[in-house]
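Given next are two forms of a protein chain, the same chain in both, each as structure tokens and marked structure 1 or structure 2.
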Structure 1
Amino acid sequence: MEIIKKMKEYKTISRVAGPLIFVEKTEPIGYADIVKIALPDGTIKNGQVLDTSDDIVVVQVFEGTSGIDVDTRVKFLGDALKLSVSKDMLGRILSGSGKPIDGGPEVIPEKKLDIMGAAINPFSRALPHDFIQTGISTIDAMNTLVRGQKLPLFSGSGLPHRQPFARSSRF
């Protein structure tokens, strides 16, 4: 929080369109940087830089642009979106942006990780060959799940896809 206070705040929003806001006359801003947006009523929203240039910076607002006006203040945090992670996160309930919503305390970070991750070098991958027993016979017998593979669950509207999804957490 200390660092954020030191950062420059801009009140130069020139345009708001859909989920985007356009900020003018900034110092050089890094691509994909995270943005804090402080509305006049005190609400704080988060966003990310989609396009940056000398003249204009385009920010995508994660929580939607409702309530944003030209008096809104914008701070660029100078870093990509990172999530604090810790082993203690097991058993917690978090919001989409990683904040606890189970009434418990903040997560004490062991590490801060870029949520975009990094591509694995294909040469250092091992071939997945460990069988995961799910206990659901149609998966185990016919469409075996392998550790390290991806499992998309296709569903139509009204179909009970939540149950197998929840069951999958027991694997």
Structure 2
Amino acid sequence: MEIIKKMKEYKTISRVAGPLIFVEKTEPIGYADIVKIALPDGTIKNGQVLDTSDDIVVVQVFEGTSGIDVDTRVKFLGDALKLSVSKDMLGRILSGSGKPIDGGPEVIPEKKLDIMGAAINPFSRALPHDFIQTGISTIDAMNTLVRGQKLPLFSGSGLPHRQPFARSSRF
């Protein structure tokens, strides 16, 4: 037997700031939950929970916040963002939300995948090693470069920035 969870709607938006809305007095809401936002004119917008606390929930609205006012209803769906995937997607042009924008038919999903992915564990990453000697004493002593890391090189206008870059890119 499937249990159907009834979703509550809230009309407690206290503030709109750029792409964010602030919803007060909600029940406990999960981080990254998907949100449906129903505007008074019937338009439905989507969003995602960015921050949650006992008093307020911060929601990022994907389609912009124009038209959102005190009569706007917010419904928390209790699920993370998922993308419908299928082999039929190969060669298609999709919007950022996975909808076809190439004039072709809707994608019939074979399965839905969570797009959040696993968190990166910094301790599982291999430690950088293999010192890169640039021949520039201030870099070698104060900002040691190691193979496998990003190599930031900054230069001012008119300074010889190509020579150190060429020297370090050989490695």
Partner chain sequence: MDKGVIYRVAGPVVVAKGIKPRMYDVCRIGKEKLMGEVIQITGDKVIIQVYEDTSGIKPGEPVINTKEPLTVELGPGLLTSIYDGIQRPLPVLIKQMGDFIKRGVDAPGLDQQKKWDFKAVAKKGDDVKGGSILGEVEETPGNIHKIMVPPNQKGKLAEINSGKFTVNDVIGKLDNGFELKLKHNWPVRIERPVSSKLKPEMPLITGQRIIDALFPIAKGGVAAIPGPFGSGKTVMQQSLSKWSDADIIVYVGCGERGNEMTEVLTEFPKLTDPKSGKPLMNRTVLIANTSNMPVAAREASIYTGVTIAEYYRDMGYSVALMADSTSRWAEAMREIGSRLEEMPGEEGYPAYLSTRLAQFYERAGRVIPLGTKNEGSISIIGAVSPAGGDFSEPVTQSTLRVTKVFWALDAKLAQRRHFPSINWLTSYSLYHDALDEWYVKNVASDWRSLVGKMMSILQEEEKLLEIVQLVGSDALPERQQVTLVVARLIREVLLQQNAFHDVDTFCDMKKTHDIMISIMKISKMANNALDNGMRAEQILETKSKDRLSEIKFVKSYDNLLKEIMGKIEKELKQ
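Between two forms, the rigid core is defined as the largest C-alpha subset superposing within 1.5 Å. Model, not experiment: these values are computed from the prediction. Every residue number counts along structure 1's sequence, beginning with 1.
Exercise. Since only one of the two is the form predicted together with its partner chain, can you say which one?
Worked result: It is structure 1; that copy is the form predicted together with its partner chain.
* To do: Could you tell me whether the Cα atom of residue 106 shifts by at least 2 Å between the two structures after core superposition?
  => Comparing forms between the two structures, the residue 106 CA shifts at least 2 Å.
(message) Taking the rigid core as the reference frame, tell me whether residue 120 has a CA displacement of 2 angstroms or more between the two structures.
(response) Superposed on the core, residue 120 moves its C-alpha 2 Å or more between the two structures.
Against the rigid core, is the Cα displacement of residue 140 between the two structures at least 2 Å? Yes, its C-alpha moves 2 Å or more.
| request: Check the Cα of residue 130 between the two structures on a core superposition and give its shift in Å. | output: Core-aligned C-alpha shift comes out at 26.7 Å.
Using a rigid core fit, what is the CA shift at residue 91 between the two structures, in angstrom?
That residue's C-alpha sits 6.1 Å away in the other form.
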